[in-house]
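One chain comes next, on its own, written as C-alpha cells: the form predicted alone.
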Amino acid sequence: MEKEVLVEVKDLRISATSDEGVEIPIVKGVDFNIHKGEVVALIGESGSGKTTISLASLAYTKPGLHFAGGEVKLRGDDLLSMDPLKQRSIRGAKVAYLAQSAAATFNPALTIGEQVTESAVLHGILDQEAATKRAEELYEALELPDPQLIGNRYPHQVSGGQLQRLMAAMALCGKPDLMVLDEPTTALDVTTQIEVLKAFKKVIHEENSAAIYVTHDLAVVAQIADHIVVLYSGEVMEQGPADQIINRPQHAYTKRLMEAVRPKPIAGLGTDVGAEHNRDTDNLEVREVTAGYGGNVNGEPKIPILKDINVSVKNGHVVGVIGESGCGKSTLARVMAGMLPAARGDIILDGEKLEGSLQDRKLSELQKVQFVFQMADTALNPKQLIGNIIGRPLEFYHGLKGKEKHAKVSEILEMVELPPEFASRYPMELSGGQKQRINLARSLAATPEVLLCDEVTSALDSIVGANVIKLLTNLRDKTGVSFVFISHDLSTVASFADEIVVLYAGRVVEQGPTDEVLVPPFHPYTRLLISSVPEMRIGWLEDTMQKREMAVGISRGVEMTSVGCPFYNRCPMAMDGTCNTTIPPILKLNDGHEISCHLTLDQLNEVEADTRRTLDAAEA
C-alpha cells in the first residue's frame, strides 16, 4: 500500500546575491518527496546544501539567501508562496526543527518542562496541562529517567545525550507532521549516539511522523533512513531507498562518500614516523595525577574528576585518549596544559617538573605544550584576519615582526595545506575544515613539542575529517611533534594513534599500544566502546541492542565513584562483593598493555569466545 505523500520538493532553487548584484546559485533544482512515517536522509560533505534544503521545509533561508524558484509543498500547500504570518504559524507546529547543539538550544534559566511544552502551548495546540502530560509520555517513550520529575530540572542537570532526547521531546510535543533533524548525534559519543538513535527511531515509528535527517555520517544513516538523497554543491547526485544507496550506489560521488566512511576500529591501521626522531624519549608524563573542580581540601578536589592518572607521551608519538562524555578526557588535557592545576601528582616535560598552573610556567614551557580547541568557530576571533591570528604566537613566542613574520605565516599556511592568500581573510570566509586547519596552524606557529587536540574532528564530515587526520599524520612525520588526541571516535583514534588510553569515570581502565588495545582481551568498557561504533549495515542497530553488554552498558550513564571499579554498575561481568568494594588490580600484558580489572586474563578471553560463539550462531 502506497504511503501518503506528506512533503513534495519540486525544482527547489535557493540563491545568494553578491555585492555587485550578481545572483549566485546555492541550491540548484532539487526534487524529492517525503512520505508519512518515512525518514529521508540528506547526505553530503560540508557545503553541499543539506541544512539549507532542510530549512526550506520551514519556508526559511539563512540571512543573505533567498528562494529563487520551485515549490515546497506540505500536504499540498506550497510553503514558499504563503504569506509570512502563515509561514510563521507552521514553524514549530506543523514542522519542528532539531538543531545540532542541544546545549545551545535550551535556555539555561528555564526548567526543561517549560521549554519542552512552550511551542505546543504557544501555538494553541494543547493547553498547559495537556502539554505537560504529553511531554511526560514522550519522556517515557524516549527512555529518559524519572519521566514525571525530569521536567522540573534545568538543562545543566542532565547529560548531553539526555538533553538531545529532550530536544526531540520539545519538537514532538505539538505533534508536528514533519521533524527536521540537523546533525542531532554528530557531537555525541558512540554509546550516547546509539541511545539517542534508538529513541528517535522508536518515537518516529510510534508517532507515525516523518523526518528529514541531515547528516554526514553514513553509518548513522544506515540505521535510521528509509530514503537517501545524496547532495553535492546544491545538486542531487543520486537518490533512492536506503538499501540501494548503501549497498548498490551508482554515482561516483556516492561511492566516494562510501569509501570515506570511518572503518570499524581494528589493529594495524596506525602509521610510523620517520627514524630521524628519537621515539623512545618521554616528551610529556602524567604521574599519579588527581584533579577536579571546586577547589581542594586536604589534597583532594571537592568535585573529583581524575583519580591517580598515569600516562606517558613519547617523542613523535600519538596518544589517543578515548571515552564517553564525562569520563575526564578534556579535564586531563586541561591539567596537561596548566589550565587546571592538579590537586595531587606531577606533570613532567622533557624530564623537568612543570608548575601546575600555566600562570606559573615559563614562556618556553608554555611554547612547548599547545592546545588545539574543539570548536574552531569559537576558538578563532571573528574580527581578526587569519594572518594576525597565526602571527600572534610567532610574535609572542619567537619575537618575529614585519616581513619575517609575514613570510613565516605563509610558510605555516602551506604547512596546513592552505594558500598564503588566506592570510588576508577573516574566519567567517572559510569552511569548517579550513577553520579547523587555521586553529591547528595557530598552535603550530609556537613550534610546540606536544599538541593537545581536543575533539578536533568531531564536528567535521567524514571526508574533511579524514583530510585533517592525514594532515596531522604528515605534520607528525615532518616535525616529530607529539600528539595527545582526545576523541570519542574510536575509528579515528585507531587510524592515527600509536597508543590508546581508555578513560572511564576519571580513571584509566586500559592503556597500551593501539594494536594491543584493539585486540582481545579487552577491558569490558573497551569492548562496549568498540561494539558501539556503528557499521554501515541496515539492521546493525537492532542486532547490536540484543547483545548482553550493550543492553546493560548503554542504558546507564557514567558515575564517579570513590570505591571499587567505576564500571561496576554497567558491567555485564561484574562480581558483587568484589567489583563494587575493591579497586581493581592492573593486569600487565605485552608491550606495556595494561588492563585494570578484577577478571583474570582467562576470564576476559572466555568472554570474547562467548561473544564470537553468539555472533556465529546469529549468522548461521
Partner chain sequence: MMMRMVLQRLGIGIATLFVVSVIVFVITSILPGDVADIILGQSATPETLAALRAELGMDQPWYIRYFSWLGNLASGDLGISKAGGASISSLIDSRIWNTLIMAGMVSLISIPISIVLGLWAAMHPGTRLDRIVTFGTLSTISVPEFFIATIMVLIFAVKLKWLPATLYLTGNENWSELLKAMAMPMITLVIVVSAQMIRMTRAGILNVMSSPYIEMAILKGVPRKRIILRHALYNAIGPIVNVIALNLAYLVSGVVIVETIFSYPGLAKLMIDGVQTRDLPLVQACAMIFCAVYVILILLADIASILSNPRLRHPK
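Numbering follows the first chain given and starts at 1. Predicted, not measured: the structure shown is a model, and the values here were computed from it.
Only in words, not in the display: the form predicted together with its partner chain, which the text now covers.
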(request) Go through 103-111, 507-515, 481-489, 204-212 and give me the stretch that gets within 4.5 Å of its partner chain in the model of the complex, heavy atoms only. (result) 103-111
(message) Taking its partner chain as it sits in the model of the complex, is M170 near enough to touch it, meaning that at least one heavy atom pair lies within 4.5 angstroms?
(response) yes
(message) I'd like to know if G292 sits close to its partner chain in the model of the complex, meaning any non-hydrogen atom pair within 4.5 angstroms.
(response) no
(message) in the model of the complex, is there a heavy atom of its partner chain that lies within 4.5 Å of any heavy atom of G356, even though the partner is absent here?
(response) no
(message) When the contact criterion is heavy atoms within 4.5 Å, does Y60 count as touching its partner chain in the model of the complex?
(response) yes
(request) Consider the chain as shown here, without its partner, and state which of R88, K73, R344, K133 has a heavy atom within 4.5 Å of its partner chain in the model of the complex. (result) R88
(message) Using a 4.5 Å heavy atom cut-off, which residue among S532, S119, S330, S495 comes into contact with its partner chain in the model of the complex?
(response) S119
